[in-house]
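Just the one chain here, the form predicted alone, laid out as structure tokens.
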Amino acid sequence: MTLAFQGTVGGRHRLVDAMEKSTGRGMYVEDFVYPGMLHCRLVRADHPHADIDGVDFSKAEELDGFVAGLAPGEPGTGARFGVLPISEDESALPSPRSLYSGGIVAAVACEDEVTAREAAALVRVTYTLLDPVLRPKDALAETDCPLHEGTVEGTNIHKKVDQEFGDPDGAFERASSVAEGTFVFHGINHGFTEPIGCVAVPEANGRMTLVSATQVPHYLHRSLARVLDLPMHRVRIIKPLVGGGFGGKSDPFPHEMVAALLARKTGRPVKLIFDREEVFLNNHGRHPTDYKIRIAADEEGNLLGLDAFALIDGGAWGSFGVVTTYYNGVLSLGPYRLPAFKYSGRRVYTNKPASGAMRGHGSVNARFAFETCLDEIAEDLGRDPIDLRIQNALPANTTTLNHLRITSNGFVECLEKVRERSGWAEKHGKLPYGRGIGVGCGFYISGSALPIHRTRTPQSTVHLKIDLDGGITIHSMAADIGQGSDTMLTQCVSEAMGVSMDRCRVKARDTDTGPLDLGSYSSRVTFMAGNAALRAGEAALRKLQRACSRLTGLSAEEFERGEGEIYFHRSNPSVTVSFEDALTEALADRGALAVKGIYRAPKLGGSFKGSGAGLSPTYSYQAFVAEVEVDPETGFVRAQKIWAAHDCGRALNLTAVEGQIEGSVHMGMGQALTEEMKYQKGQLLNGSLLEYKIPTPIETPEIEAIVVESIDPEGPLGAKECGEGALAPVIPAIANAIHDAVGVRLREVPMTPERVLAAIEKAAKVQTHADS
């Protein structure tokens, strides 16, 4: 008889909410309907920068079905909030200025959505126009009228970062090879399937409930309580199923405050669902950035130093911008050893939709620049690009120059895997003109070690309740946004207790019942909430072990999990107790079992300013190879295949890990080749999915997801992140493959046919001139 517990980790598991979603039974924000519910539409600014002089609802009020309007200056509309305490610069409505074209300036609530749309169109807003700040370089200059209070030295600089480690000047003086360039990144949007939306419900007892498609119920809870001037226990957040987020739903937003203020004003539930253009106008996508970089290496290929400068367009609000500014530096080193590093970052306010967090936040742009320059150094030194990367790879169990603690590290294995699987040795530099292969690498955090609010509360907490029915209820507020975190919590608990996943049910949608979790951002959920769930499961197991001891008279600590939901005694394996019997004994004279598990990151980092940025309990690693075909007559690039190796620690669910890798590749390919938000005088020109060019399945290449398991000593069951880090390597892998195909280096994304063709034609002219 096999007694050893076979476990639930490492195989393939259907997500626990898969049937709920695939049958249409799942509840998204759009599905929530309440008695007496009103519909809200927003009035948006026509100008990129203006004072709001007045809002006239008189024409809208004539409509049958008009109930209420909300204008600047009304109670709560000017209360400041933001996801970061250091830059709480947003408000529900302008206070006093509208900061971008498409920003919310007023709102209406009506009996139905059609009337609400008509009413919003009838609202008249009068403005005093102000000069807009549209170019990031203009935001660096001193001004008498900064867009926000507290900017740097009378400019529109939101955050200024200057860091230096080692001797970067000396590194470049000693260098045998230097690669440098300025890389240009245009802003992009998340493109999630479900539009943004919420429903605000005033309760009979005076509490306010907000149903919102949010990644951060906790931070929304805090901000809404502030805006409504209520204690947090008088506010409730419900997070239903979320149809994708990728960072785009990880802020508390003005529209959520507007809906709640209108609900309070009318005493009725208020529903607000964005159309797609409004999603683009809300933005909070990847920051447009000009990134200037230099990398130095000696004649043997050892990296000596990095010097980088980032000018980051933050748009109208702070959002995660302080973190972004640091991440563009501290995450730029990547998975490599560097003895010298210098970084300067400037995030500026402009009169455009705010930029914020997007998958791979803060690392994606820097990785493209670094990995492209690294290939140039390899070319200059006559080295194979993969060999050069292996030579400079960080080892496991070390500390980086900027005090990041490295634990498990499967980076070299990732490189070896993609070299072998892609046929690199037979292809690189050897394919016909127009065909090429390239490599790109990365690493990413598994949760930010420092919480946004500096408190002593845990970063993740999980409660378990087990009652007479034998079901295990997992209470958490870790936000499942489609990545499968509810399934991960179930796996960790069932693994710890030695029971079937079918026994577990996750309640992670209501702040009234879910304990504190900081939300779904910075790839923190698997590592942090997973550890909390594992510890809760272990606490429940100890109670069951003690019950086994009472039933048998044998030592509790020697009872182990066995196959088939039994516990057997290690010293006397013939003695077994079923889970049901152990539970019955554990409940006797006590009632329901209630336990908890928490996670708090260990103390990490140095003492210098900004030392907390980029700190993580562990890091994931990636190495990707892309094979592309480039049409030299049109500049059109088609990715043929991408080999994507990702070190995720232990893969808890292979199906989910592979899905995350494939999704990251698709999203990264969009930034690489087609996606950008285009503006003219502050007006967004392509705010629809017809004009904003996300790659379709037709353009998606064959993807070979290669899972590398380094088994992290601190991760839950050895796991670490797999949702974000796999995006960053895609862009440089494609860019380096384009160079291998047609001999040109691209430093601006997206690498559209026009830009690729221009680079080919420029290279041809240079060659013609050299030949003559």
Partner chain sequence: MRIPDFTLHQPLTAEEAVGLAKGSESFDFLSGGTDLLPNYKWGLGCRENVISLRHIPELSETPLGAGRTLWEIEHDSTLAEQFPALVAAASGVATPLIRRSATLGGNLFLDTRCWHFNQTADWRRAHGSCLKAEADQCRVLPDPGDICVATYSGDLAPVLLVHGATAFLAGPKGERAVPLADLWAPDGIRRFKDVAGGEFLVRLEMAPDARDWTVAYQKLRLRESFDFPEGGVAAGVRWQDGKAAEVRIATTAYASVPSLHPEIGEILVGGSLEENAIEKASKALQAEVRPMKNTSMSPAYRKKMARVLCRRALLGCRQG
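Residue numbers count along the first chain shown, from 1. As the structure is a computational prediction, the values presented were derived from the model and not from experiment.
Another form, the form predicted in complex with the partner chain, is not on view; read the next lines as being about it.
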Does every residue of 14, 502 and 573 put a non-hydrogen atom within 4.5 angstroms of the partner chain in the predicted bound form? no
In the predicted bound form, does residue 135 have a heavy atom within 4.5 Å of the partner chain? no
Residue 693: touches the partner chain in the predicted bound form, heavy atom cutoff 4.5 angstroms: yes
Partner proximity in the predicted bound form: residue 51 to the partner chain, non-hydrogen atom cutoff 4.5 Å: no
Would residue 433 count as a contact of the partner chain in the predicted bound form, using a 4.5 angstroms cut-off between non-hydrogen atoms? no
Considering the partner chain in the predicted bound form, find the one stretch among 295-303, 632-640, 135-143, 159-167 with heavy atoms no farther than 4.5 Å from it. 632-640
Could you check which residue among 290, 585, 113, 194 gets a heavy atom within 4.5 Å of the partner chain in the predicted bound form? 113
Heavy atom within 4.5 Å of the partner chain in the predicted bound form: which of 384, 699, 658, 560? 699
Stretch 669-686 - residues with a heavy atom within 4.5 Å of the partner chain in the predicted bound form: 674, 678, 680, 683, 684, 685, 686
